[in-house]
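We begin with a single chain expressed as structure tokens, specifically the form predicted alone.
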């Protein structure tokens, strides 16, 4: 098809052509970045915790009187023993923090005792004997903790810098960062005190409690039993019995010590739901913005195309009188729209890149991957063809006698 008449026509209707190009360029810039942001949110929400989330529940029930003279270690053991007797409970343990708990404790990790700066920062889970099974973590290398390796937090704190933690299990992300390409089991790290801590195992995945403490997702399990007042009790049970077990566990702990309150009593799946609520809302908002923008862009193209067709009804009539078929008239407008959309998309890609640079400078946003640009281009090309189809079809259906009546 000869496109020179199309360019000639566009030069005579510069304003209408420029409006379509600008509209498509702005839509392309915004949609490319919006799709990128949506994809980042979805990727963020799909972050695996490494635990069997559908089987875990968490309870935090501190005593009201924190100053009471209580053997906390014995009290925790009494609570664990009582929880193990509940019907449906498979495993129960204590742990200082949990995934999606909205709080995180981290420690610097070094590879040598005289190293001035930390190699990485890792989030440490301090838990009792049954924590590995309660979380349902997958051990990919090494072994579990031995029973004689567990320490009480009070003993570790009283030892100060001379404390010797006998073992640590780390996640695979931390292992790869510390010892890339090597087996981490048997290596040593320095994190608690000045003594080396041997790595005895590696779990496939264990997410940080929150992802606001920096990149890396490095976590470690330490065989330290914390008996503080606000310790988390984590229980693993059958997914169908979680609600009943949760209610029974809270009632049992309340019966043991009436002076305690349930600060947190949640299913792990509910914690995840709450944790990503804002991300989900933002993703939905961006989807709505993209749809609204596409609708406005399509309506703009339809409106300008309809006006443009009406303005050129005589030209269409002459072409029809000279033998142009309906399909040729239809194809003429579609090619014309394709050329305008292409110019708009090229400008839109440049704008998308510029907008991404602006967002990178103002917010913690990564560089826009190039793959998002053709996605936006295809969407706008299709949108332009759909939007111009009905005005072009209406123009092609006008009889030559009607179109040239006023000539």
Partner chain sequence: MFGYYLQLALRSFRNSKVLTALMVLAIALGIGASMTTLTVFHVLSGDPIPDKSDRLFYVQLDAASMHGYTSGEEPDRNITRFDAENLLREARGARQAMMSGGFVAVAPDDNRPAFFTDARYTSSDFFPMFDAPLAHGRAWTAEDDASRARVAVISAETNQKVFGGGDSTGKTLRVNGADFRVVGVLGPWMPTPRFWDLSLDRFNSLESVFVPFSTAIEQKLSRMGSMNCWGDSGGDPNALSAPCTWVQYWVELPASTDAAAYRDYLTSYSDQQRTAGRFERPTNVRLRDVPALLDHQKIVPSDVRLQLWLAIGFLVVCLVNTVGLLLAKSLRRASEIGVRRALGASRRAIFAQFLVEAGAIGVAGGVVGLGLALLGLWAVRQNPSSYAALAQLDTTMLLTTFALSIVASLLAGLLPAWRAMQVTPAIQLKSQ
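Residue numbers count along the first chain shown, from 1. The shown structure was predicted, so the numbers you read here are calculated from the model rather than taken from an experiment.
The discussion below concerns the form predicted in complex with its partner chain, not included here.
With the partner omitted here, the stretch from 124-132, 84-92, 282-290, 237-245 that lies within 4.5 Å of its partner chain by heavy atoms in the predicted complex is 282-290. For the candidate spot formed by 277, 359 and 362, every residue has a non-hydrogen atom within 4.5 angstroms of its partner chain in the predicted complex. Think of it this way: in the predicted complex, its partner chain has a heavy atom of just one of 139, 299, 74, 322 within 4.5 Å, and the residue is 299.
The contact residue chosen from 343, 26, 350, 379 relative to its partner chain in the predicted complex is 26, the criterion being a non-hydrogen atom within 4.5 angstroms. Heavy atoms of residue 181 never reach within 4.5 Å of its partner chain in the predicted complex, leaving it off the interface. Remark: residue 64 counts among the residues lining its partner chain in the predicted complex, judged by a heavy atom distance of 4.5 Å or less. Although the partner is absent from this view, residue 157 contacts its partner chain in the predicted complex, with a non-hydrogen atom inside 4.5 angstroms. For the chain shown alone, residue 10 is not a contact residue for its partner chain in the predicted complex, no non-hydrogen atom being within 4.5 angstroms. In the predicted complex, its partner chain lies within 4.5 angstroms of at least one heavy atom of each of the following residues of 84-119: 110, 115, 116, 117, 118, in sequence order.
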